Each structure stands twice: as C-alpha cells, then as structure tokens.
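Here we start with a single chain on its own, the form predicted alone, put down as structure tokens.
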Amino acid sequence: MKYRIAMAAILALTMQAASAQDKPAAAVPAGQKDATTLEFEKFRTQMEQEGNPAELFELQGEEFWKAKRGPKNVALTASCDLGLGVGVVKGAYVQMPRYFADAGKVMDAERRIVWCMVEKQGYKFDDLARRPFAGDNYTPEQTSLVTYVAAQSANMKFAVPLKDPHVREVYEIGKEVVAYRAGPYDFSCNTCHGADGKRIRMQNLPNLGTPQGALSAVLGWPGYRMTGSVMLTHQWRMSDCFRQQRFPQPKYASDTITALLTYMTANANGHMYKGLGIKR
C-alpha cells in the first residue's frame, strides 16, 4: 500500500509538471534535477532502506543458482564461471562484460548466465528467449538469477577489464552503436544520450559518453519497476530503447546489446555500484 500511495504522489507531480510544458523535450542545465526526480529519489532511498522488493527476486535467484536444475540436473554454483572461478558470484557483476574463452565471446552478466543455463544445465536457448523479460505476473528464471548475482556486487566499484583486447574491441563497437543513426526518425542513442542537459518531458537523459552520465545509466539495474510491479534487467532496458527508437528489436542476449552494455559500464569504471534499484 505504501508503494501505491508514494507512486500516486509522484505521478501527480509528473502530470502537474508536464501540463506546464508545451514542448516534449527541453534542455536543462547539466546536473539539475526537477521536482519529480528529487521526490522519487527521496522515496527510492526510503524504500531501499526499509526493504527493496527486488530482494525477493534475489532470494529466488539464489535458490536457482544453488539448486540442481535443467535436463542435466546440474547446479550453476558447481558449473558456471562468471569470470572469477566456478560458482563465484561476489564481485562478478561489476567486472562484466568480460571475455570468456569457453564461449569465445565478450558477455554481460545476463548473457553469461543464459549461456551457462544452456551449456551447463541443458536448457534450450529458444525456450529462454521466447519470453526473456518479466511481465503479466511472469518473471523469467534468468531475471532472478541476474538479480542474485548483481546483488553480490553491491558497494563495489565497476571494473570492466578494458585492457583485454577482446573487451576493448567490443567497447569500440558499442561506441559506434550509440552514434549510429537510423530508423524512421533518424535517431541514434546519442540523439538522446550524447550531450549534457537533455531531457524528454520529465525524464532527465544522462550523457553516456561521460563517467557520471554512464554511471547514472547503469546504476539501479537490475531494478524493481513499480509501475508494473516487475523485476527488470539491463538487457531489458537496452531492448526497450531500441523499441522507442523504432529500430528492429534486437535478438535476446545479442552481440549488439553486449556491446552497448560494455560501452556504458566501462565508462562508469571506478565508480561504485550501489546494488539493486527501484525504478518508476
């Protein structure tokens, strides 16, 4: 109930502020936050202190990680290497995306977990990709797993290994992707996220090319989204950005999404990951 009351107040502020604006987009001084953003941040801090609903998904993810599951009846804790050794989750999330020799690819956390579910536990990728994101009282198992893994890196600094040439190459591809203009509106990621002080109505838009802007974009994922009462991952956020640009929907756990996440997360290197978030 307290979540609904708080969200109602936030939505009222949003509608009030939006009605006072004639333009759908406007520039604001870099770093300036509107009343709605400040109100939500205050609410989010309070809720995270009292208990983030994301923790329920974290607990479920821990069960999935440790249990013997899948056609091969294997536990991920005994078979899945997230880059720090088989079964090691502490600190793994903030050091991804990273290169995995056994897969021959740079992978973000969700992509790696899905790979482990397929290769180690015997699940079929097509089944996992059929409904990859939460919605309508449904939460994919991989979402809970990512939530658990991410939570084990709370209060650690992002440290994507850019010295690895494989990672650096994917980072550069991600840099090109955010600048690529296409689609019916001739948009790129940088159309919205390539400069300081941009916004769409009441939404501040971080500059992904700066450390602070990239940090703003990667913090709080995975996050519990209150407007839908669902747990969502950073893979979902990237996929939804493509939808908003009217681009073709990228395949689940694709090279393109990993490249974007590599670029964004590496730009936030050295900054603290605060853990699971709460989103509007």
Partner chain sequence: MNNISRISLLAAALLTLVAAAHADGDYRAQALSMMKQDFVTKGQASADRISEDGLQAICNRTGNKPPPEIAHRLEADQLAGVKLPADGKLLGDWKSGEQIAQSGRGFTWTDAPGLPVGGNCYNCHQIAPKETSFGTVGPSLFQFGKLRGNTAEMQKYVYSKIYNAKSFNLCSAMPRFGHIGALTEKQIKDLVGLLMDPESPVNK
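From a predicted model like this one, the values you see are computed outputs, not experimental measurements. Positions refer to the first chain, counted from 1.
What follows is about the form predicted together with the partner chain, which we do not show.
For the residues E141, D81, D164, E172, the 4.5 Å heavy atom test against the partner chain in the model of the complex is passed only by E172. Looking at Q60, you'd find every heavy atom of it more than 4.5 angstroms from the partner chain in the model of the complex. Contact check for A266: no non-hydrogen atom falls within 4.5 Å of the partner chain in the model of the complex. Proximity of R98 to the partner chain in the model of the complex: non-hydrogen atoms within 4.5 Å are absent; the residue sits far from the partner. Within this chain, A179 lines the site of the partner chain in the model of the complex, having a heavy atom no more than 4.5 Å away. With the partner chain left out of view, the stretch that reaches within 4.5 Å of it through heavy atoms in the model of the complex is, among 65-73, 223-231, 251-259, 52-60, 251-259.
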